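Given as structure tokens, the chain that follows is alone and in the form predicted alone.
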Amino acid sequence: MNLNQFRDITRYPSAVVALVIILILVGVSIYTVIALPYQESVTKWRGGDMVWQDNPRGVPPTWINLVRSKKLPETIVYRSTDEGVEKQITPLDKELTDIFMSFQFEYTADEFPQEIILFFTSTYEKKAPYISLIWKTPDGREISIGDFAIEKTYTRRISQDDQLTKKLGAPAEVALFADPNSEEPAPLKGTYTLEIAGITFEPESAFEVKSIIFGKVYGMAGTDHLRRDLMLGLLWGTPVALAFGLLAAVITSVLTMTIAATGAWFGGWVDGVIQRVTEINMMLPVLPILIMIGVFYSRSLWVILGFVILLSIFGASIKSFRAIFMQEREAGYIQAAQAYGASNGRIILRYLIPRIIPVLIPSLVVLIPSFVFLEASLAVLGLGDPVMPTWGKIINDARTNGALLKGQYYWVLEPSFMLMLTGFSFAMLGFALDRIFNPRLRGM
């Protein structure tokens, strides 16, 4: 593409918008690969609940509060090792030690939190520390929410404490925040305090705690059923989609063009074989074949890419390219090349193929999203790469976990939007390039 042709793109606003979107997608891909190392991201994505234990489960993105009248709560996390946390250690005798901690926070949301969990870690040899929990509300009430011994690693799920639920008359995440003067269940806004009083029974014994009050919104993209931040999947889906679509489109187009030029130049049985193979390949159902490959052979993204290229190089475009090459082979410059002794390979690669580059570029750009959608379709069917996080796999996870039935529309809409945005941008750019490179369409 020369400078004049690049300037012609600016005459088409849709192409300019498409080009900006593509550049943004490329920038996101570069950022993702650099800032989020692949192996680390894959390990984290496949880690499940344990890696993402600080995130709420299956909640929409934080920005949804901008369009809601009732604000959803965000997650509140406190650690006993954080600065500003009140902590008092009082030795009682040679073995007994009293440890007191106090977490204070403001609650301003219009709905109740999702759940409350405390994660304890302790050090001891024989006698485990004993803990008492006191909950203080903004209106001055004090509620005892548990007395128990803790192991070296211990998780206290306040929201799943059946005895506490029976005592309070409602799930803990509701009862602890409810306004007692409200006719309808509603959270009481203000300053809450969680007091943790513990006793250790050995000289070197101690404990730390992480308190999480899980909200109902999280991050820029929300979370899934495994508490995973969907932003990681959306970010890594971008370079995967662009790489798959670009590689498949470029390799397929170049090989298809080369095969068509070879058949048109040599003619005879060579052209006959190419045309028969093309006609047979055009009748083969590509998607069912790829499904069988994914089921019986491999679901690796690069294996699927190889078969996609193999099934696409003998596509219908061979016949279109062949028609152009049949005209070009009779041109005067081709006869001149033969006269000075140019080899068959030189004529095909240096004279025939460059003549249809203007036709190839727009079709190549338009072809990219079709391969992106093909990879996503396989992933939605459960045949995506088992390792890589992709847009199609996010949609498949949402489908298999009933996201739409639960009202978790963001889980489906976000990766679907990325797919549509990618398809739209490359299609608009391809149509504009077609007009630029094809003089017959410039006036249309």
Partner chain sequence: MAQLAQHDLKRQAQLDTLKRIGKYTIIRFFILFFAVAVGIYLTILVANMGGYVDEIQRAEIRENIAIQISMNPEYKKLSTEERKQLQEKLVVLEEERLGLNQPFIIRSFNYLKDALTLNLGRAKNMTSDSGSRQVKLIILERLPATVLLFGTSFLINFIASLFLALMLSRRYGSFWDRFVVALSPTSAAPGWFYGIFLIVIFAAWLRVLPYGGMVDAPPPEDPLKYALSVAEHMVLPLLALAISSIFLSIYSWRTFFLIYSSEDYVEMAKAKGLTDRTIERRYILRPTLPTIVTNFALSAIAVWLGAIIFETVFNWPGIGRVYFQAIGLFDTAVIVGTTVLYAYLLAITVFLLDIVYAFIDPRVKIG
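Positions refer to the first chain, counted from 1. Being a predicted model, the structure only gives us computed values, none of them experimental.
Although it is not shown, the form predicted together with the partner chain is what the next lines describe.
Worksheet item: Hey, in the predicted bound form, does Tyr38 get a heavy atom within 4.5 angstroms of the partner chain?
Response: Contact check for Tyr38: no, nothing within 4.5 Å of the partner chain in the predicted bound form.
Worksheet item: Is the gap between Arg276 and the partner chain in the predicted bound form 4.5 Å or less for some heavy atom pair?
Response: Contact with the partner chain, yes.
Discussion item. At 4.5 Å between heavy atoms, is Ile394 in contact with the partner chain in the predicted bound form?
Written reply: Because no heavy atom of Ile394 falls inside 4.5 Å of the partner chain in the predicted bound form, the answer is no.
Discussion item. Please tell me whether any heavy atom belonging to Leu405 falls inside 4.5 Å of a heavy atom of the partner chain, as the geometry stands in the predicted bound form.
Written reply: Yes, Leu405 lies within 4.5 Å of the partner chain in the predicted bound form.
Worksheet item: Within 4.5 Å of the partner chain in the predicted bound form, do we find a heavy atom from each of Met292, Phe296 and Gly423?
Response: Yes: each residue has a heavy atom within 4.5 Å of the partner.
Worksheet item: Within 4.5 Å of the partner chain in the predicted bound form, heavy atoms considered, which of Asn401, Asn65, Thr32, Ser377?
Response: By the 4.5 Å criterion, the partner-contacting residue is Ser377.
Worksheet item: Pick from Leu287, Ile143, Leu92, Ile89: which has a non-hydrogen atom within 4.5 Å of the partner chain in the predicted bound form?
Response: Going through each option in turn, the one that passes is Leu287.
Practice prompt. Heavy atoms, 4.5 Å, the partner chain in the predicted bound form: which of 278-286, 333-341, 218-226, 79-87 makes the cut? Say which one.
Written response: Result of the contact check: 278-286.
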